[in-house]
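A single chain comes next, written as structure tokens; it is the form predicted alone.
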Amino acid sequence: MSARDDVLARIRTALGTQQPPTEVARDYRTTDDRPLPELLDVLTDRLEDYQATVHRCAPDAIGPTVTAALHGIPGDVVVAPGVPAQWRPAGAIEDDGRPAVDLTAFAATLTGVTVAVAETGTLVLDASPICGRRALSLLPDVLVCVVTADQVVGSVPEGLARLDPLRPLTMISGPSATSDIELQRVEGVHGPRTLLVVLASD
């Protein structure tokens, strides 16, 4: 018996008799019947609990609300190419695919989202034109995301049902944060230090 045969024999012994795959229960909750106003309140509560700042406004006031949210943040703002013109603050620069390292020179990023999950306070970006490429939402120190009421769902299964699993998905639940060896919270290590959310609803 060769060494290879010996190793394979040991593996077969360790694996034992193959069992048919276990049936996975699919009886978990897949919908959320709470009314939209309640879901918006839950999303706001979760985001604020994660240290994000939420600015609520009417759909026709997104632009002024974005401008107000960015007030006092020095530096240029880069926006995803699909962000509507009426959302963009004065002087904003559209992302043109420049090298990712150049994005660190911007003070803030403005994007839309694909879906927002109220129960977990999670915003999902899928690299579509309104969301922009992944680097755009990760490198500048401030991220501003615009969420419209029709993008808000209650549960994770509802959110996943709206997403294309083949797209590069970025899931954001509050500013980037971690803890050091002494369990001190440190923000901005793996992404933006500040998350501002403009939540638009009637």
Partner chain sequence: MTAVFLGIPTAPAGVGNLRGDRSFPDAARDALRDGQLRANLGHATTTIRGKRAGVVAEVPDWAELREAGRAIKAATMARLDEHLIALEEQVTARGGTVHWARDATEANQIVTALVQATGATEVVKVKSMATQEIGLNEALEAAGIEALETDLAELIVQLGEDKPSHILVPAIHKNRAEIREIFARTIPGVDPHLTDDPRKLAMAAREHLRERFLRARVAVSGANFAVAETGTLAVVESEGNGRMCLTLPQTLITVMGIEKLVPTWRDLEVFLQLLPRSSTGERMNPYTSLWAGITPGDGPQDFHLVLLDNGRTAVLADEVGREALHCIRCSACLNVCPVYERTGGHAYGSVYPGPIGAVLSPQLTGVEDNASLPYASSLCGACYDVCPVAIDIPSILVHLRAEHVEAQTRTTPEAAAFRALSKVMSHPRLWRLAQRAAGLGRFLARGRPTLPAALPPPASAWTRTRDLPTPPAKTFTQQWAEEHGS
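What you see is a predicted model; the values in this text were computed from it and never measured. Residue numbers count along the first chain shown, from 1.
Keep in mind the form predicted in complex with its partner chain is missing from the figure; the text below concerns it.
Engineer: Only one of these stretches, 69 to 77, 82 to 90, 107 to 115, 122 to 130, has heavy atoms within 4.5 Å of its partner chain in the predicted bound form; which one is it?
Structural biologist: Looking at the other structure, the answer is 122 to 130.
Engineer: Though its partner chain is not shown, can you say which of L138, A149, V54, A61 has a heavy atom within 4.5 Å of it in the predicted bound form?
Structural biologist: Contact with its partner chain in the predicted bound form is made by L138 alone.
Engineer: Quick check on D49: any heavy atom within 4.5 Å of its partner chain in the predicted bound form?
Structural biologist: Although its partner chain is absent here, D49 would touch it in the predicted bound form, with heavy atoms inside 4.5 Å.
Engineer: Would you check, heavy atoms only and a 4.5 Å threshold, whether S173 touches its partner chain in the predicted bound form?
Structural biologist: Looking in the predicted bound form, residue contacts with its partner chain include S173, since a heavy atom lies within 4.5 Å.
Engineer: Report whether the minimum heavy atom distance between D27 and its partner chain in the predicted bound form is within 4.5 Å.
Structural biologist: Yes, D27 sits close enough to its partner chain in the predicted bound form that at least one of its heavy atoms falls within 4.5 Å.
Engineer: L36 versus its partner chain, in the predicted bound form: is there a non-hydrogen atom within 4.5 Å?
Structural biologist: L36 lies outside the contact set for its partner chain.
Engineer: Looking at its partner chain in the predicted bound form, which residues in 156 to 170 have at least one heavy atom within 4.5 Å of it?
Structural biologist: Contacting residues: V156, P157, L160, L163, P165, L166, R167, P168, L169, T170.
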